[in-house]
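There is one chain below, alone, in structure tokens, taken in the form predicted on its own.
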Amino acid sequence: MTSRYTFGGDEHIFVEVSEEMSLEAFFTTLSMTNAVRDAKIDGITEICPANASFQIKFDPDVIHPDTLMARLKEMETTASLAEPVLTTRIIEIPVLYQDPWTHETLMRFRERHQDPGATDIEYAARINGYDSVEDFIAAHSGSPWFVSMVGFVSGLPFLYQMVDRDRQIQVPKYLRPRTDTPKLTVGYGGCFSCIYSVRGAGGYQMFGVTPMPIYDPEQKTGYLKDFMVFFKPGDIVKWKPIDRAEYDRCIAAVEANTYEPRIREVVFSLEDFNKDIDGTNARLEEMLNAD
């Protein structure tokens, strides 16, 4: 895996680790950005990790662009030798699939969709070869997902499915973006799932909603009092399908500020995962559900 380094104007260096998303590319990106952060290089003002790339913003009056470029390339050699092990969190995210709010929204925008005669989740199930929506939901929620980056809008996580490449769900975005998407919609585009942190425009297929806030700029939500954005790159997510009654109970707990997400600390080894994907995922789920 050979990274490509380019300048972005006078104040940015962009590093493309890979042209395709993979956990190997993600770990290289994470290792590099962590190394840059730990090095505390004078002149660096911002570090922005992405799915398979990252960008460094710097002050050229403090550090020469060529000097920083050379430093980053040196650091990549060291970072690439690091064992791909991550101490992180696995988080259970409840999802009401086929909810009434995203259904109402998607019906307003069928002329922008590949299959106007089907819902988003019906279309996704069909093109991925599933016999029913229920089978598709079981596949979407059956394995964990890596948070590979957070951004685009504040707090929005991009999630990469932790299964063999031939089992990964693939769904194109809308032909033309919508002008509306409900807050906390669970969406899908390309190989990525996501959660829309705020209401707004969007082009990802809509599968359901979660009652769990993931972004609170006022930091009134109990588990967001220390930081307004819930997710971090490297988090692992496990979707939990819920019914309307459970959704309403979660909403009531959120409004009472008593809702607490299920979170466990785990150690994730990329080497172990590649040796036994299903076994690793099963162990992660066991740790999540441990009392």
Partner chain sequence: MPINVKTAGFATTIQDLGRPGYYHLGIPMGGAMDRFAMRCANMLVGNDEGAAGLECVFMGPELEFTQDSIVAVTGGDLPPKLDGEVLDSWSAIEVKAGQVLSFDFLRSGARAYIAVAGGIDTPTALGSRSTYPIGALGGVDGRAIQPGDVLPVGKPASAAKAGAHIPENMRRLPGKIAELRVLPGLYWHRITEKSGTRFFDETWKVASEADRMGYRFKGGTPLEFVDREPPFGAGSDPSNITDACYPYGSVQVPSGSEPIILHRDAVSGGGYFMIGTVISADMDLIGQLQPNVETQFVKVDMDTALAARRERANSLNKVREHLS
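Since we're looking at a predicted model, the values are computed, not measured. Numbering follows the first chain given and starts at 1.
The same protein also exists as the form predicted together with its partner chain; that form is not shown, yet it is the one meant from here on.
| Is there a heavy atom of Ser141 lying 4.5 Å or less from a heavy atom of its partner chain in the predicted bound form? | No, Ser141 stays farther than 4.5 Å from its partner chain in the predicted bound form.
| field | in the predicted bound form, Asp278 touching its partner chain (heavy atom, 4.5 Å) | value | Judged by the heavy-atom cut-off of 4.5 Å, Asp278 is well away from its partner chain in the predicted bound form.
| request: Spell out, yes or no, whether the shortest heavy atom distance between Gln170 and its partner chain in the predicted bound form is within 4.5 Å. | output: Although its partner chain is absent here, Gln170 would touch it in the predicted bound form, with heavy atoms inside 4.5 Å.
| query | Just to confirm, Pro84 within 4.5 Å of its partner chain in the predicted bound form by heavy atoms? | reply | Output for Pro84 is no: heavy atoms all beyond 4.5 Å of its partner chain.
| task | Using heavy atoms and a 4.5 Å cut-off, decide whether Ile47, Ala50 and Gly155 all contact its partner chain in the predicted bound form. | result | Every listed residue reaches its partner chain in the predicted bound form, so yes.
| Interface residue in the predicted bound form among Phe136, Phe192, Phe109, Phe146, criterion: non-hydrogen atom within 4.5 angstroms of its partner chain | Answer to the contact question: Phe192.
| query | With its partner chain left out of view, which of Asp42, Glu255, Asp61, Asp243 would have a heavy atom within 4.5 Å of it in the predicted bound form? | reply | Flagged contact: Asp61.
| message | Please pick out the stretch from 92 to 100, 121 to 129, 198 to 206, 70 to 78 that is in contact with its partner chain in the predicted bound form, where contact means heavy atoms within 4.5 Å. | response | In the other structure, the partner sits against 198 to 206.
| Sequence-ordered list of residues in 220 to 239 near its partner chain in the predicted bound form, where near means a heavy atom within 4.5 Å | Phe227, Met228, Val229, Phe231, in sequence order.
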